[in-house]
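Shown here is one chain on its own, the form predicted on its own, set out as structure tokens.
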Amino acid sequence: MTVTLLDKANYMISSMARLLKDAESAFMGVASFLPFMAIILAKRLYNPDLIWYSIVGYNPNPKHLPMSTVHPWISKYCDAKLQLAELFDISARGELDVVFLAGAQIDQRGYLNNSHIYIGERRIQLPGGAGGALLHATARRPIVWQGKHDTRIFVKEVQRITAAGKPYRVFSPLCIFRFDDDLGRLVVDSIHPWSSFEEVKENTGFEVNDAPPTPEPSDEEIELIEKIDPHGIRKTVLE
């Protein structure tokens, strides 16, 4: 099947949004276009009472997706201002339901590495944890996402643990993982229809299983996604 980057982004966004139907609150950080879109989608279609914690404010109400998820324009349309330190306190008290976190390396336990990696003797510096260690461990339902899927990212064991926690789901352009308590590791929950078990297996550094296809976005979801992001900024995450 012929699938564009916009199609792939739409699948990931709609699947994330559906997980928020019963969520009390959600937080996403910088450079998080897909979670940004998913939260808007969930609030408008499924869960209008969802509390949205953003770095730029409390319960923003953006009209469209800007070029930055921390653009000052977003803060003009928030119910209140919010300091990042307050968000850490909220999560530490067990009051944050969903947090979206990205990982430069993600292992079979759901641990993240955003610190550094070694390629031979060469050390490659990564962006850093930015509070992910606390949020991954204290939010009730951490959702991990990544715009690429290969064996450099999805590894059996991260080289350095930046954040350790039990993810609720892990999203990639090939599939969705969930954490299996009995096995103590990630298992494949669904495979996107343009991919396959063989492709997921080839591009994952730990054992994977076959799984049913990811449900497609509805016409209503796609219509709203395109209205929020008419310029297709969301596809840049997957390029």
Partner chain sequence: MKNMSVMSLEEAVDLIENGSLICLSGNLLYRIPAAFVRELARQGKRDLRVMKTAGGYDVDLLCGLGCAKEIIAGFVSFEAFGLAKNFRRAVEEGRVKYSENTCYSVIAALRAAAYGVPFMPIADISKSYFVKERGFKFVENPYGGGKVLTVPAIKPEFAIIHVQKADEDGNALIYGPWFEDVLMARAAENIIITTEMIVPKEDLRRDIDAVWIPSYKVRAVVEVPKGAYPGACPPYYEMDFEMMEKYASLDEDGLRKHIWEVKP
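Small disclaimer: the values here were computed from a predicted structure and weren't measured. Residue numbers count along the first chain shown, from 1.
Another form exists, predicted in complex with the partner chain; not displayed. Remarks below refer to it.
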Notebook entry, point to check: According to a 4.5 angstroms non-hydrogen atom cut-off, is residue 98 in contact with the partner chain in the predicted complex?
Noted result: no
Next item on the list: Answer yes if any heavy atom of residue 209 is within 4.5 Å of a heavy atom of the partner chain in the predicted complex; otherwise answer no.
Entry: no
Note to self: Just checking whether residue 169 would be counted as a contact of the partner chain in the predicted complex - the rule being heavy atoms within 4.5 angstroms.
What the structure shows: no
Notebook entry, point to check: Is residue 139 close enough to touch the partner chain in the predicted complex, meaning at least one heavy atom pair within 4.5 Å?
Noted result: no
Notebook entry, point to check: Among 172-180, 197-205, 38-46, 23-31, which stretch has residues with heavy atoms no more than 4.5 Å from the partner chain in the predicted complex?
Noted result: 23-31
Check: Can all three of 144, 151 and 154 be found with a heavy atom no more than 4.5 Å from the partner chain in the predicted complex?
Finding: no
Check: Counting only heavy atoms, which residues in 161-177 are within 4.5 Å of the partner chain in the predicted complex?
Finding: 161, 162, 163, 164
